[in-house]
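Just the one chain here, laid out as structure tokens, in the form predicted alone.
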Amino acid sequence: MPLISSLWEAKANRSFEYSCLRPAWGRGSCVTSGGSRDVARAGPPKMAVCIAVIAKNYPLYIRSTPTENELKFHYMVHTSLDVVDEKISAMGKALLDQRELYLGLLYRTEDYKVYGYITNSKVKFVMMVDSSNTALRDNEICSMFRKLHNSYTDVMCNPFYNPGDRIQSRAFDNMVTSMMIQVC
């Protein structure tokens, strides 16, 4: 069974050692070098640090972690809307004909990468990922957006939801939380 290292840990007066190993294809619990199953002490790695759902330039849902950078994330989400509009106008009718909803990497800062997705009804999804996270590939981000879109569709199908109101669904929030924290 092939194993990859997910976390190196340095201890005082010792060399580096594996503290957590997991199967390359699975997301089960960690197997430490001693053979017991533990979760890494450093905490789970973050997949996304901010996820936003925007309709007509007003937010329906924004969730970010850590919360001390919340204002910074809100600013980055709103600045990314200009990039989304530029990408849509550059692609023009070809975007609508191909039904390609994933916009890809919108822009990169020193700390974060910002990705975009747009639905057929012009609702925009924005996701920020930590730049140091090299484990996430483009196809994984695209599948995360598809899951987000499916969950958003479930919210819209709720007969008690008024379109245009903030999203306050527990199921949607749990799905976003699962995207934000990856269990080792």
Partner chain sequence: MSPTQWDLPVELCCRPMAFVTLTGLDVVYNAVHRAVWDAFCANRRADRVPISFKVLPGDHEYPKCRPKRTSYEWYIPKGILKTGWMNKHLNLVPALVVVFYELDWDEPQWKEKQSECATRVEIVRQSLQGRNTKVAVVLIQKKTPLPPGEDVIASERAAALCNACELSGKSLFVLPHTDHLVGYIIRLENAFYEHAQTYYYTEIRRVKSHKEFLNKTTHQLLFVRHQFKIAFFSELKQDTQNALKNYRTAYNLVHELRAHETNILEIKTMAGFINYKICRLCFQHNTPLDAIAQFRKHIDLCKKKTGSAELSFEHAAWMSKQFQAFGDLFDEAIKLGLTAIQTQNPGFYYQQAAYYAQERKQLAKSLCNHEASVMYPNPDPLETQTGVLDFYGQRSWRQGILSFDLSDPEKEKVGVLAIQLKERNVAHSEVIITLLSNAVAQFKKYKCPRMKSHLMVQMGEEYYYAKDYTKALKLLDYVMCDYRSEGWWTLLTSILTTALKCSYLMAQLKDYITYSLELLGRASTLKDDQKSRIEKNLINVLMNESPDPEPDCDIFAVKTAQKLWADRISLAGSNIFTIGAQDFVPFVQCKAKFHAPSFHVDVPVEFDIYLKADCPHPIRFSKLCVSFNNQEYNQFCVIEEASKANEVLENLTQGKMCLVPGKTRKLLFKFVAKTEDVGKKIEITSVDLALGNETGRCVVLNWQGGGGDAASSQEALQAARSFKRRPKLPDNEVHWDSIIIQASTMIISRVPNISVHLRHEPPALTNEMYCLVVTVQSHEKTQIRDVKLTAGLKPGQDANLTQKTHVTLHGTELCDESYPALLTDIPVGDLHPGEQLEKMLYVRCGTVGSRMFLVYVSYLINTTTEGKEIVCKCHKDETVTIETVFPFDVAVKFVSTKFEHLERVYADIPFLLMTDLLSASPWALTIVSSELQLAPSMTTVDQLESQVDNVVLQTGESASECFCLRCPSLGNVEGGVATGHYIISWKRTSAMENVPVIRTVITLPHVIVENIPLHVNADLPSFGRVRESLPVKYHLQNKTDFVQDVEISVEPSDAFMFSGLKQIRLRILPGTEQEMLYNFYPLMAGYQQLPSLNINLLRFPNFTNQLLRRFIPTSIFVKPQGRLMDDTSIAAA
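Only a predicted model underlies this, so the values are computations on that prediction, with no experimental measurement involved. Positions refer to the first chain, counted from 1.
We do not show the form predicted in complex with its partner chain, though everything after this point is about it.
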In the predicted bound form, does E100 come within 4.5 Å of its partner chain, counting heavy atoms only?
no
- Message: With a cut-off of 4.5 Å between heavy atoms, is N57 one of the residues that contacts its partner chain in the predicted bound form?
- Response: yes
At 4.5 Å between heavy atoms, is I141 in contact with its partner chain in the predicted bound form? no
Worksheet item: Is the gap between I62 and its partner chain in the predicted bound form 4.5 Å or less for some heavy atom pair?
Response: yes
Contacts from 70-86 to its partner chain in the predicted bound form (any heavy atom within 4.5 Å), listed N to C, are L71, H74, Y75, V77, H78, T79, L81, D82, V83, D85, E86
